[in-house]
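Just one chain is shown here, as structure tokens, and it is the form predicted alone.
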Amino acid sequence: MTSALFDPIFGATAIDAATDDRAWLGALCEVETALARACTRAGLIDLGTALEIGAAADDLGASDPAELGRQAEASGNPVIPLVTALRAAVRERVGADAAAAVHLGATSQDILDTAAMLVCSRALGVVVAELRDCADHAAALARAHRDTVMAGRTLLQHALPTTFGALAAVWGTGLDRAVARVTATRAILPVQLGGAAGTLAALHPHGFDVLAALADELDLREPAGVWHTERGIVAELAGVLGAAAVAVAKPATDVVLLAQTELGELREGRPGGSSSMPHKRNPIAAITARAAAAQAPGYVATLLANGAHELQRGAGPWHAEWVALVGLLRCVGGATSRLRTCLTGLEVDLDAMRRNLGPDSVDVGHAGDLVDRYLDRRR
């Protein structure tokens, strides 16, 4: 999932720390610690035991994720060997009674799904920050070039004139919508706690108390019920992130087109070069933003195609989510990071825009008013 060779090219460096194996292992251990504290709040285990579980989980969180992955091969998910190691560590620290309180009332999917929501929440925080920066840059371009006339192009042919500010406002509108949707989805990410068959049987009659406490401990949403095989939140994430990729790809595509030698209307502030043609000024940030965003539909399709899980536990569809979800977070985060680089210091060639417009009329209709309307709505 990560590559020291390619990640910087596709902008994944910033989001890597929120989505890599170390982040996942830390989230798994954090959920086990939070579960122990939640059980303490519900009166099921004593505080000292919960503290010992938390200390042992902290130690495991610093261990090698690759070793946990190797151990997970036999069981099909990393939670089972993690719980085995955690119980062994607690048993060694304070004895068998405390070890029995590890993972109390939970099943593997509870821990992994909740850890996934933690990973998503933190990664979405990175994505939102990058998207917001991109949206602000688009707004600044719209404001600065409200009246900068350029050729409008439909089906890649000259149409009626427009302004570059109006085009930048289109970019900003999509980016603002992406910020709002990703932010809203991040706010509803839920914990998962249902036990072996989704009935909270092992925690009865305190199951809902533990569920509420767990959500509070992790600052995630308390769900209405168990969502082991109701994957609406995963589908929501897929849709929102896929739409964000589209919002990012739009300005990146336009920059690539308008930076062509034959047009020369835009230039990146830090263009890329060529190994054989020193005259080249390639819009590399826009190109790689497009490339990263282009990977999103495949991950979205995987998540949606595997959204219908069987009965009380998915036999394969659940497992298919993990890599796809991380991949989607990484490619959207990378695309957004590269677009921010592209839009930072983007150079607008006013002479080229006027020259390419030719003798056409400069009547741009409501283009400036559309920019004003867009900027007013951002306030």
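Residues carry their position along the shown sequence, with the first being 1. Everything numeric in this text was worked out from a predicted model, so none of it was measured.
There is another form of the same protein, the form predicted in complex with another copy of the chain; it is not shown, and what comes next is about it.
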query	finding
Glu310: touches another copy of the chain in the predicted bound form, heavy atom cutoff 4.5 angstroms	yes
In the predicted bound form, His145 touching another copy of the chain (heavy atom, 4.5 Å)	no
Touches another copy of the chain in the predicted bound form: Gly125 (any heavy atom, 4.5 Å)	no
Distance check, Arg132 to another copy of the chain in the predicted bound form, heavy atom within 4.5 Å	no
Triplet Ser63, Ala85 and Ala101 all within 4.5 Å of another copy of the chain in the predicted bound form via a heavy atom	no
Partner contacts for 48-85, taking another copy of the chain in the predicted bound form and a 4.5 Å heavy atom cut-off	Pro65, Ala66, Leu68, Gly69, Arg70, Ala72, Glu73, Ala74, Ser75, Gly76, Asn77, Pro78, Ile80
